[in-house]
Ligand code: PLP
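Just one chain is shown here, as structure tokens, and it is the form predicted on its own.
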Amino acid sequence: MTKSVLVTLDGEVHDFDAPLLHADDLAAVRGDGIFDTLLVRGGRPRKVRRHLERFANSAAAMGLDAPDLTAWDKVIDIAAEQWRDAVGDSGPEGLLRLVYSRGRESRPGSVTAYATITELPARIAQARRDGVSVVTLERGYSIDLAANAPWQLLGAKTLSYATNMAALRHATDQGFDDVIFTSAEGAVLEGPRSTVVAVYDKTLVTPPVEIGILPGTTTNAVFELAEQEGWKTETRVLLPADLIAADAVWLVSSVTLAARVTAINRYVMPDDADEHRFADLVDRAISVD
């Protein structure tokens, strides 16, 4: 079993199996905090700057003190060094998670902050290799909600992921691998842990963050590289029918990278003869720091 890594913000390396949180930590009792996840490949965390920028934006939305990004950068380096010592430069990929909560309920003003690295779940390799079938589920809000109710934290990566996990369990119970959320108007939003990208020939389309979805660090990197290589990119509101009409639909995330959607609500998507073209684009995008 691959060693897991745990490092607190002060740079101290901890036993991964030893207790860390207090029972009244607001991360545990209220989900009052943020997190972010990075891929570790070849022993190196990928797209650190982009993730730390999103981490800071999530903290601002939550009303947490601005994270010291220099300190977090150092913690990421320490954790990555520990991971390389355990698995080597050519070892398995890792999932690096940053966690920052408001701390203990009994000690206002305290914070809890740490980073972990663990081996990727088996589902990741399967999703990359075989793709995923998805069901569309209504998220329960309008695309106007993010602008009208910023306290809903729709653009922040918070620890309150219970609804997302419940949606994934519901999908599994119905025989699907994953979920694409839709708004009250029927607009495509995002997956519980991914961004939706539709491919039309050499045009990439993804929903705009303004409708209440998390900014996708990997999708942004992919779009930048795609534009440099002659692709066209668009950000616009999509409907499920637009996904059905696409040449291919992908769920993109920092850890899974690219999982091709093989079926939507049991409608089988046509085979994509060029599916490796997009997956290769994603791989190259995350390899450039």
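Computed from a predicted structure; not experimentally measured. So that there is no doubt, residue numbering starts at 1 and follows the sequence shown.
Only in words, not in the display: the form predicted together with the named molecule, which the text now covers.
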Name the single residue among Gln174, Thr136, Asn164, Gln126 that comes within 4.5 Å of the named molecule in the predicted complex, judging by heavy atoms. Asn164
Taking the named molecule in the predicted complex as the reference, which of Gly216, Pro207, Gly103, Gly131 has a non-hydrogen atom within 4.5 Å? Gly216
Heavy atoms within 4.5 Å of the named molecule in the predicted complex: which of the stretches 246 to 254, 59 to 67, 22 to 30, 230 to 238 has them? 246 to 254
Using a 4.5 Å heavy atom cut-off, are Arg41, Pro45 and Gln82 all in contact with the named molecule in the predicted complex? no
Interface membership of Thr195, the named molecule in the predicted complex, 4.5 Å heavy atom rule: yes
Heavy atom of Arg260 within 4.5 Å of the named molecule in the predicted complex: no
The named molecule contact at Gly94 in the predicted complex, heavy atom, 4.5 Å: no
